[in-house]
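Here we start with a single chain on its own, the form predicted on its own, put down as structure tokens.
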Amino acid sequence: MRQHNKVEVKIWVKSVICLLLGIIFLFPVLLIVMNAFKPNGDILSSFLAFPKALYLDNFNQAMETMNFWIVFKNTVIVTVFTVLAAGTISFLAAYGISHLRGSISRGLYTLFVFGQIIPFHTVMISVSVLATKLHLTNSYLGLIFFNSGFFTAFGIMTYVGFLKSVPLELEEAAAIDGAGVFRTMIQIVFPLLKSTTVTMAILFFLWTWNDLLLPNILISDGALRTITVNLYMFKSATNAQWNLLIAGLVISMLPIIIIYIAGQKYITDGMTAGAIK
């Protein structure tokens, strides 16, 4: 009985700690959403207070000033094609690496793991020079190309771990039934990695949608800017239109929240599967 009570107390303590941590993490988001419905004066005078009324002019002004539908279209194009390119390359490369044997497999895998260690800031100037030489500045292709390159290291590292747990007998049985390598890879192995694929696609989506540095380096044409770059027009070194900036942030967050909620089940499954394996 005493042991049962101890277990219940531990569960309650863990639950309370998780609840407090959840509130701490959500508090900044709640403040941003609350202040999006206030005039600029109310934000500056009472940032922590609830809005007195739903002031929607912030959203209209923010969308008009930042050319919302143009930057939204640019961001969607770059994000969707980056997710497709990075996901496809990651799976194909990981499939090859996981089926190689010996030092070649280990060497290639280590090479991509090192790609995860190098921070973007150390290669920022090189990326800028390379993009200029290859005529990839001011184009969707430049953003998709470099984003895919940066994300592929993580994708390959993740896929290889899961592919090594797929039984080889499964592929041998498909080969006996007459399936070729490509058909085995797409129709037999790939469906087993559904949770991993969805989890990585959501991560690639978040990283691309929220990226500020790379679009800022490669894009100077106002017609090709992404949402994060145009959000910065509301803030300068000496002044900031906080009401418009906060309203723009809320609008830009909506697709991320929708995508995350839609794929939450697969993210949980993918992480659980990874923990077990």
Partner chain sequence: MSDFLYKKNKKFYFLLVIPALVIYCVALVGPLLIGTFPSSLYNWNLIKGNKKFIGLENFIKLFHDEQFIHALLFTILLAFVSIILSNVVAFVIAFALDSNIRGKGVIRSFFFIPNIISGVMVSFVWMFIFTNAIPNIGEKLHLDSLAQISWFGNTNMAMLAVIIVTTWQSTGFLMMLYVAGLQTLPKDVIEAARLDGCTGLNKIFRIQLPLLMPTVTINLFVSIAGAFKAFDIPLALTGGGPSNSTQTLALNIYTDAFGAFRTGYASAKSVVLFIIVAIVAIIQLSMTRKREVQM
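Quick caveat: nothing in here was measured; it's all calculated off a predicted structure. Here the rigid core means the biggest group of C-alpha atoms that line up within 1.5 Å when the two forms are laid on top of each other. Numbering follows the first chain given and starts at 1.
The discussion below concerns the form predicted in complex with its partner chain, not included here.
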### Query
Do residue 68 and its partner chain share at least one heavy atom pair within 4.5 Å in the model of the complex?
no
### Touches its partner chain in the model of the complex: residue 128 (any heavy atom, 4.5 Å)
yes
### Query
Taking heavy atoms and a 4.5 Å cut-off, does residue 99 contact its partner chain in the model of the complex?
yes
### Message
Since only the chain is shown here, I'm wondering whether residue 219 would be in contact with its partner chain in the model of the complex (any heavy atom pair within 4.5 Å).
### Response
no
### Summary
Students should find that, of 192, 160, 201, 185, the residue having a non-hydrogen atom no more than 4.5 angstroms from its partner chain in the model of the complex is 185
### Query
If we check its partner chain in the model of the complex, which of the residues in 97 to 118 reach within 4.5 angstroms of it by a non-hydrogen atom?
97, 99, 100, 101, 104, 108, 111, 112, 113, 114, 115, 117, 118
### Message
At a 2 Å cut-off on C-alpha positions, does residue 38 qualify as shifted between the shown form and the other one after fitting the rigid core?
### Response
yes
### Task
Align both forms on the core first, then report whether residue 208 has a C-alpha shift of 2 Å or more between the shown form and the other one.
no
### Query
Taking the rigid core as reference, does the Cα of residue 223 move 2 Å or more between the shown form and the other one?
no
